[in-house]
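Coming up is one lone chain in structure tokens, specifically the form predicted on its own.
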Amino acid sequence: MPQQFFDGWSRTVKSNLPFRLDPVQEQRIDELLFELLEDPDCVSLLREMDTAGIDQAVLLVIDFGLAYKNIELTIEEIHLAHKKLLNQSDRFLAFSNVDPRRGREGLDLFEKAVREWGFSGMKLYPPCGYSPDARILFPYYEICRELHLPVLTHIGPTTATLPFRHTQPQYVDDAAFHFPEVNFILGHAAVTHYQDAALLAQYRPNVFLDLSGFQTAINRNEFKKIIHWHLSRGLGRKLLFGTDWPIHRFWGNQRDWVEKFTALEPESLSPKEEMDDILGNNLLGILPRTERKYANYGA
């Protein structure tokens, strides 16, 4: 993550603590957060996946190059770093993200990523300065339609150094309408703006709701209520489990989050069949056909 992203995220974490920090404490929190984010070869992630019983994880590229200055790596170098991970382990999938304002060069890079480098979907990050329904994204959606690739877009707040404009569910509607054959996943939307997002998922067959970031709902003691709210509306087949790793490592690891979620089953909030769908089968159903050989994975 760019330093600017990290700085805003750290400020948000510290501002939500129930006590004031002195400068030494602030620096220590920065150090702890930064340590948790450092895992370039995903060694720690794979170890946590093993412990949690997660077969596969989706890695997400984010193109911050036009939102921030002085980014260390180019967007092509970031893609190549993810391609290296895909080549090293079949336990990873990766979604490509290129800021659509990069023009033809950006579109060519995205097309190379999904046609040649093994990327399995598209990631959007609207806080960088564009809307999911922007017409400049339609050529990307055409490629996703052709290759049966899902599109995952961020929903809700993010680091304090980026605007939250265009991060609400309604900004996806026009794209989902014009591209009914493309499956759109609303990232974090099963817990953030979840009522508006659920309405969209109910009436757009190609809209799905991602649960990553549900740790915030756990911290507010709202998690069970929110899951029950979705299931009572028949949205079990639209929910996709995720952990938003590594953002929440400060409060727990992958095993903690899987156990928090699977604990819903014995409490009769979700039967095993529905739980298996949310933990992997729902996502398998909307991935490209070449990826569907992997069954029953957790994130």
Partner chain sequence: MQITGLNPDLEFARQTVAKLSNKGLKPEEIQDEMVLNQDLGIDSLQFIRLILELERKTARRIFNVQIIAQIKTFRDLCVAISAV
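Not measured: the values here are computed from a predicted model. Positions refer to the first chain, counted from 1.
The form predicted together with the partner chain is left out here; the points below concern that form.
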query: Contact segment among 230-238, 23-31, 64-72, 50-58, judged by heavy atoms lying within 4.5 Å of the partner chain in the predicted bound form; finding: 23-31
query: In the predicted bound form, the one of Glu267, Glu35, Asp41, Glu273 near the partner chain [non-hydrogen atom within 4.5 angstroms]; finding: Glu35
query: Close approach of Asp256 to the partner chain in the predicted bound form, 4.5 Å, heavy atom; finding: yes
query: 4.5 angstroms heavy atom contact with the partner chain in the predicted bound form for Gln88; finding: no
query: 4.5 Å heavy atom contact, Asn219 to the partner chain in the predicted bound form; finding: yes
